[in-house]
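Quick heads-up: it's one chain on its own, the form predicted on its own, in structure tokens.
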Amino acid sequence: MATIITVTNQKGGVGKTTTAAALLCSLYERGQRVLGVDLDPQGSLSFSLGLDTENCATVYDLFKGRVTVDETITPSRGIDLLPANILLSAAELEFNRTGREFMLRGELAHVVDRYDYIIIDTPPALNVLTVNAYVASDHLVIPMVPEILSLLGVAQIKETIDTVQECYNPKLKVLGILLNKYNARLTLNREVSEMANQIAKQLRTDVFKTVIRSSISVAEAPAHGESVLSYAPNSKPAEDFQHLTSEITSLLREQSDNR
């Protein structure tokens, strides 16, 4: 049965999609069966992994009941994806029935046994799509950049997490906070890192030991329909994401052993 991880932060520009794509590619390279779920109406994860979302079934079609989850899963570069496009922006208004928080969990239940990991990319908002991701997930990974506003965004997630844990998914845990676009030489980066540790304690988690360093290759990769791991495998961020994958899988093994 798959471990389901959501990459989340209500603030945009913190590297959610880059992180989700890198985790999918790194896990796939290690022989794991992976499924990516794009819950962002901008379709950034789908685009970053080379999909044309205008000519395939999407999560919106799935939630509308027009297609099955099997008909929605689209392979790209060996990785299975549930794609998204701009139609998903209507989710808050259109999906207002009772139990709408469980739409994604219900669909993933049909395929969860086929995969080792399911990685969900979320929009930069705490809306019905984000709640669906939290309800369906085992763990959250929260990327942030070393800026004060990014730190505030992480702090505001706590209320949503607490609500989901209390009402819908008591097993949900924050696996860690990820520092993205990091430069240890900058004083602000170091100061925000210290504050991130304080917020991590409030979320009953830790800041990942791995930090992701800045590089132009991260910005260039999506234009080529690739993760930074395949586009620039020798870059510093690619190296960092490989270390992050190892850290995450190690943490998951420890948690499993301690049960």
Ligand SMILES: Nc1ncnc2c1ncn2[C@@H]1O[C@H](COP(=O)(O)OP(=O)(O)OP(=O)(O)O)[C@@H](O)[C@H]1O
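Since the model is a prediction, treat every value here as computed from it, not as a measurement. Sequential numbering from 1, following the sequence displayed.
The form predicted in complex with the named molecule is left out here; the points below concern that form.
Original post:
Though the named molecule is not shown, can you say which of His139, Arg100, Arg105, Lys181 has a heavy atom within 4.5 Å of it in the predicted bound form?
Top reply: None of the other options qualify; the answer is Lys181.
Original post:
Using 4.5 Å between non-hydrogen atoms, is Leu35 touching the named molecule in the predicted bound form?
Top reply: Leu35: no, not in contact with the named molecule in the predicted bound form.
Original post:
Any of the heavy atoms of His224 lying within 4.5 Å of the named molecule in the predicted bound form?
Top reply: Outside the cut-off, so no.
Original post:
Does the 4.5 Å heavy atom contact test between Ala219 and the named molecule in the predicted bound form come out positive?
Top reply: Yes - in the predicted bound form, heavy atoms of Ala219 and the named molecule come within 4.5 Å of each other.
**OP:** State yes or no: in the predicted bound form, is some non-hydrogen atom of Ser214 no more than 4.5 angstroms from a non-hydrogen atom of the named molecule?
**Re:** Yes - in the predicted bound form, heavy atoms of Ser214 and the named molecule come within 4.5 Å of each other.
Original post:
Taking the partner as it appears in the predicted bound form, which of 36-44, 22-30, 190-198, 55-63 has residues with heavy atoms within 4.5 Å of the named molecule?
Top reply: Stretch 36-44 is the one.
Original post:
So which bits of 77-105 sit within 4.5 Å of the named molecule in the predicted bound form, heavy atoms only?
Top reply: Stretch hits: zero.
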